Ligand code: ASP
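Below you'll find only one chain, the form predicted on its own, shown as structure tokens.
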Amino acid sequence: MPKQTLVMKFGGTSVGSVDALVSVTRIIRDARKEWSRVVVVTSAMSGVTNLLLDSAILAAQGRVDALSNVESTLKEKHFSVAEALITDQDLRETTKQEISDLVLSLVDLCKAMAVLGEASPRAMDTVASLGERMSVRLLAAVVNDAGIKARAVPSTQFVVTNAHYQNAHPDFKATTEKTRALLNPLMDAGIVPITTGFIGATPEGAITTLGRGGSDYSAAIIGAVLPADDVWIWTDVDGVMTTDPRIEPKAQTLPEINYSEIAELAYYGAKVLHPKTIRPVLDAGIGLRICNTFNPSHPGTRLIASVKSNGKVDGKVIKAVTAIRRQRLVTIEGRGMLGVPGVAARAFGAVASTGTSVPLITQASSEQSICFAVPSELADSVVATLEKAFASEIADDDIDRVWATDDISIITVVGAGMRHTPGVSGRVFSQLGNNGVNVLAIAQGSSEVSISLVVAAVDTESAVKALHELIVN
């Protein structure tokens, strides 16, 4: 049976320059030869979304002096590609005009924010969406000019979400109906729909975003609702690496990885895939592959639903090591906590009220302390909130103190094979001990696919390199 439907998503660096877009066009052409139906999802050009959001934040503070600079930067970035790659003069001028209109709408929005003195989440989503809305017009024009029939279709027309601006949740039923109604006729007519990642719209048509890094999630949503046979995420690395190659040059590409492993890696700092991407694809039973736009012949990493019975691939128990930097450990300690119900519930309720996400929790078995990690920049406000929440217990000496460490890093070792292999933890801690790395705290996920441990910030690179040796050897 011939391959039917493929969804391909291209990240910001993949559409960030003339050379990158030449490569993307070639990849789309090659895919059209093998697949009868192709959908392309594009991110904003690299650096654009940050530029847009920074402009809005400054505008809300009344600072609009940099707007003319931003306007010329955005035009230059997109127009230089249009000039280089769109030979059809009418198409080129139309595309440039559409991009100009979007840049002008940014200027208008920023001036309105400056007058109001605030940037609402809804307004910020409209600003953030502009990068993708420029990129989709540019890419569709470039692909058309190269002789591949394509059409720009903003995802605001078919990805329906709630009104939770800046981190909206899709309505899968409404999205399924609209996506099929809009994209299927185009693909049936041999046209490649090129759509925007990261954005959707409420039923009333207000633009929303799916959270930063949401373009991967968009591709997974579209793949799941069509449904597609495969989703390919094109990025600027050869797939999922055994660790960050900037820390350990010996890092290798993993040929395959299972869903629980990639979920842990995405959560614990591997920037290859947005954590939300995995669920829609897994639920729909769709293949997922991560590939390199700048090295398209490389097979990349293939996601598989489950591993062989012992969980090992290529005989390797440990697959990858990640590091999340710039964290601090917050500790609530006191002998009076012993046997008092509800301390943890109150503590995490207080943390949640600050809008802080907790990536790791560890509790002493004596119940005399609770310890958890938070991002460094939020640690002081978390400690202050906890001191307020437990003011009476602190006054009565039931809680001795609430405090935060200096900067630490969370190192996570991932591998489904660990579940079936005795002694992995022992090897991990021996390896760190032999390399002079002190472990400050430990947590193991209930899935038994990962072990996370906390080390001082200065030990981050030594810990990653030491544990990576367990993979290579």
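Residue positions are given as counts along the sequence shown, with the first one as 1. Predicted, not measured: the structure shown is a model, and the values here were computed from it.
One more form of this protein, predicted in complex with this ligand, exists but is not displayed; see below.
**Student:** Under a 4.5 Å heavy atom criterion, is Ser55 part of the interface with this ligand in the predicted bound form?
**Tutor:** It does not: once this ligand is placed as it appears in the predicted bound form, Ser55 has no heavy atom within 4.5 Å of it.
**Student:** Does this ligand come within 4.5 Å of any heavy atom of Phe198 in the predicted bound form?
**Tutor:** Output for Phe198 is yes: heavy atoms within 4.5 Å of this ligand.
**Student:** Using heavy atoms and a 4.5 Å limit, would one call Arg401 a contact residue for this ligand in the predicted bound form?
**Tutor:** No - in the predicted bound form, heavy atoms of Arg401 and this ligand never come within 4.5 Å of each other.
**Student:** How about Ala44 - does it come within 4.5 Å of this ligand in the predicted bound form, if we only consider non-hydrogen atoms?
**Tutor:** Yes - in the predicted bound form, heavy atoms of Ala44 and this ligand come within 4.5 Å of each other.
**Student:** For the chain seen here without its partner, which of 119-127, 333-341, 316-324, 208-216 has a heavy atom within 4.5 Å of this ligand in the predicted bound form?
**Tutor:** It is 208-216 that comes within 4.5 Å of the partner.
**Student:** Counting only heavy atoms, which residues in 48-67 are within 4.5 Å of this ligand in the predicted bound form?
**Tutor:** The stretch 48-67, when checked against this ligand in the predicted bound form, contributes only Thr49 at the 4.5 Å heavy-atom cut-off.
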